[in-house]
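Below you'll find only one chain, the form predicted alone, shown as structure tokens.
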Amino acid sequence: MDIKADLLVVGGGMAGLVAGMVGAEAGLKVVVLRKGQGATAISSGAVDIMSYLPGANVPFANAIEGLNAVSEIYPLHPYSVLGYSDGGLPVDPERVVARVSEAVDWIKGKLNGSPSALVGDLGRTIQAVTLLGSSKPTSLVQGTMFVEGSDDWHDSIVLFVGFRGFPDCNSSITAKNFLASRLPGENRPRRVANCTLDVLPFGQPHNIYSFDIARYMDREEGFAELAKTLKDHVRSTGADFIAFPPVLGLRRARANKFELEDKMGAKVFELLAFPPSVPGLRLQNALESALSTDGGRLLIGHEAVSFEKKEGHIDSVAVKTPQRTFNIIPAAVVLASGKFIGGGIKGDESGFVETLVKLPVVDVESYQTAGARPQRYTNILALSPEGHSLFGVGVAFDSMFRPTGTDGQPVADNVFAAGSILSRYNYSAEKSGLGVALATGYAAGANAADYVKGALP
């Protein structure tokens, strides 16, 4: 049986869920398709806005500085497009900052009170501590990953917590690296310490995963046992700060943080995670819950496989599940299917292709990639400040985030795009992935709603 929708969103990560929520807020009947977990669910759970210029080793002072720089240097960047006037170029940097800030304030409001409630703003860089003990600049972190005063460790004692059998975090190495990475002066703690806790219900102390510990922490009896053991280590070290791997819980993370701080008499925070991570899944779950609250419909395990186009308009989209295939009849479509992780773009020896509408794929400088092998867009060094231009390929788009063809014209008047499927930016080098997903999802959702309501040509 076919489904009619005002707005169909293909992709259920940050960009797609944000676009869906914006559409639902505008009163549209929204359907979001998610065939599997994408980049948001396996992310660190922090939201980077704009940390580096590609090739730079020194981060921006804050996201506002980064957005201003991008607006001046890269006029075709997705952020820059947010600053176009009604007539297009030139870019207005103040408009860029205002529109990104609007999206940030909006998502913070949407997630307020959830396990993934976000802390931060564009005017401040948060130096999040990672599982390696190093610092990573970012703009927004979940409340469990942030503690007021952690930017200044002067004369403090920091206790790093590990779990026996949990290979992702060696608390001794993390503590040593953290101390070694602090420059002499006021930002250096007086002492660091580490401890290792047992998570008894899992039997042998090996091959324990972060999600196992998080579910254990969500159980009252498990949490109580862990807190009792941890208290002895806090007493013996005199810890002012307690750094946990990102495992404080999937459902009760914020409550666990506050309860631990009360019991221990110290400030508690989670370290920044490697993907896949518990905070990433927490963020995904919170976004999906917010979509449902707004009245949007999420179809999990559903893949958009083909479409019908009539008179420059996507008329229907075929959707496949393991059991059946049916059609969705949308008034507007937002493509937020991601890049390589989400499957929105695929590359092989014959080149790159957008997988649903078969849109042409361009590189970060808007050159066509037809016939180009993916290896051409990789760097000889696996890790470098320049990153890999591979991550900059995507679909071209106009000022309304409508995908364009080789002639520069929109391929369909009712199709919009958001997130990493877009070209003209390199999220890996810039550290801007979820920020661009948020800002462009917010814009594409609003543009799609205007189209459906007849306010957009």
Partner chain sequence: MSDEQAYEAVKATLKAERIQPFKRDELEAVRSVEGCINCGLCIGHCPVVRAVGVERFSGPRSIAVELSRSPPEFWTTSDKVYLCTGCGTCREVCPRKVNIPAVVNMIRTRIFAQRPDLVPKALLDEHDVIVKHSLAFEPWADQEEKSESRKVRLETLGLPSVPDRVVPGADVLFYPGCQAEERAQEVKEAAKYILSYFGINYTLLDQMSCCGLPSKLIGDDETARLLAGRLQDKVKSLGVKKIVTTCAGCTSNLCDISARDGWGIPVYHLVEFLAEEIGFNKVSRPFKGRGRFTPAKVTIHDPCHIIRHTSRQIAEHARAILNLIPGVTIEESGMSDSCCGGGGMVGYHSRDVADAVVTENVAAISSTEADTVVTPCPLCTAQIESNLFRAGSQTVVEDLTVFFARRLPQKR
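Positions refer to the first chain, counted from 1. Here the structure is a predicted model, which means the values were calculated and not measured.
Absent from the display: the form predicted together with its partner chain. The rest refers to it.
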* Just one of 369-377, 264-272, 314-322, 99-107 has heavy atoms within 4.5 Å of its partner chain in the predicted complex; which? -> 314-322
* Structure fact -> Among 50, 41, 46, 429, just one has a heavy atom within 4.5 Å of its partner chain in the predicted complex, namely 41
* Structure fact -> Heavy atom within 4.5 Å of its partner chain in the predicted complex, from candidates 147, 193, 199, 281, belongs to 281
* Even though its partner chain is not shown here, does residue 329 get within 4.5 Å of it in the predicted complex, heavy atoms only? -> no
* Decide whether residue 176 counts as a contact residue for its partner chain in the predicted complex under a heavy atom distance cut-off of 4.5 Å. => no
* its partner chain contact at residue 258 in the predicted complex, heavy atom, 4.5 Å -> no
* Though only this chain appears here, would residue 35 touch its partner chain in the predicted complex if you measure heavy atom gaps against 4.5 Å? -> yes
* Is any part of 1-25 within 4.5 angstroms of its partner chain in the predicted complex by a non-hydrogen atom, and which residues would that be? -> 1, 3
